[in-house]
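Starting off, we have a lone chain in the form predicted alone, written out as structure tokens.
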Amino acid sequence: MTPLTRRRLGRAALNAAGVAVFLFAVFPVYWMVATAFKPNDQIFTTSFIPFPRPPSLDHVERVFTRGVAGHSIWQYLLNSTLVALSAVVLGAVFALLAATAVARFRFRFRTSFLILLLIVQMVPAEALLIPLFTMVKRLGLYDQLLGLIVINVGLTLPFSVWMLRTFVAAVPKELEEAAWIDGAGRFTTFWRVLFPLVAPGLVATSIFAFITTWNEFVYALTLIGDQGKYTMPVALQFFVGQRSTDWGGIMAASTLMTIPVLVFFLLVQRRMVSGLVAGAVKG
């Protein structure tokens, strides 16, 4: 076997593995969407039916018109959107400031702070549930979306700081020093030079924070008592009863729940490329 043949076989095997991983990741999403448009007799059959024949809007219409647990599905979507966007914005601000401080300044216990971020990230969220519930209760934030926002900011902040730190550290200090020589102040240097260069990292951490907050279930269920303030992941549990499960309703609501995540990614993904070199070269 010639080296050229081996390279071609290796490339073909790599492509086949990539296609297999892609299908493995996409198939559950496809099955969710397909099930949302299947009649009940096709959902509960033992036969493999890859496509709804014919498509049915019964489950989607029921979710939109009847709502969930006496509340409109749009109320749950609004709650999830408010919590997720607020957590993303607040977390991005705090994470960027903390990452800049850790990457650019040398201070006492700096290394200990970084290690502590990793340790906090390794602690299971369930282990923090009781102390965080007690804290939220004493602060008067129980059954308030504000309390849920604060908790989600805290849960996503350690990873966001650690990830953004690498982006800030990768920016050459000479760029900031050149801006200072040109008469720019610290805030102008931060906003005009550093911020555009770390924008891709900020977008990446924002996507992580948004998806994590959007899918969060345990804290949303524990810290919220009013059903009208539930988020979408908690609302999905009402489709599961003691004796039966409304799989069509779950899949229809889950499909609707996936759309805002896709929209958010499409809105911010351009910054992951356009911000790589913006502001680095002075004309």
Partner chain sequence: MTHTSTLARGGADTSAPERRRRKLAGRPALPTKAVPYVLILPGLLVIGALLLYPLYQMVEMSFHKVGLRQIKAVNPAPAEFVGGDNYAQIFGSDLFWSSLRNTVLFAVVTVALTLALGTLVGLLLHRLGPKMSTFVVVGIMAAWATPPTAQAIVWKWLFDSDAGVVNWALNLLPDGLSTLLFGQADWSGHPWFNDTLTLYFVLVMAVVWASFPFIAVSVLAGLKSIPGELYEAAKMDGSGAVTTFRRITLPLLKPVFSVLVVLSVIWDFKVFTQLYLLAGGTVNRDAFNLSLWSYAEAFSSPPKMGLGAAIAVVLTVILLLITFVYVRQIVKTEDDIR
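Residue numbers count along the first chain shown, from 1. Values in this document were obtained by computation on a predicted structure and should not be read as measured data. The term rigid core refers to the maximal set of C-alpha atoms that superpose within 1.5 Å between the two forms.
Quick note: we don't show the form predicted together with its partner chain, though the next part is all about it.
No member of the trio T65, L77 and S206 reaches its partner chain in the model of the complex with any non-hydrogen atom inside 4.5 Å. Picking from 81-89, 67-75, 196-204, 108-116 the stretch near its partner chain in the model of the complex, with a 4.5 Å limit on heavy atoms, gives 108-116. Under a 4.5 angstroms non-hydrogen atom cutoff, its partner chain in the model of the complex has V240 among its neighbouring residues. Using a 4.5 angstroms threshold between heavy atoms, R192 stays clear of its partner chain in the model of the complex. Interface membership of P55, defined by any non-hydrogen atom within 4.5 Å of its partner chain in the model of the complex, is ruled out. At a distance threshold of 4.5 angstroms between non-hydrogen atoms, V123 is in contact with its partner chain in the model of the complex. For the stretch 204-227, the set of residues having any non-hydrogen atom within 4.5 angstroms of its partner chain in the model of the complex comprises N215, F217, V218, L221, T222, in sequence order. Superposition on the rigid core between the shown form and the other one places the CA atom of D41 2 Å or more away from its counterpart. In the core-superposed comparison between the shown form and the other one, the C-alpha atom of P55 has shifted by less than 2 angstroms. In the core-superposed comparison between the shown form and the other one, T258 has its Cα shifted by at least 2 Å.
In contrast to the form presented, in the model of the complex the C-alpha positions of Q242 and V63 draw closer by 3 Å or more. In the model of the complex, the separation between the C-alpha atoms of Q242 and G228 shrinks by 3 Å or more relative to the displayed form.
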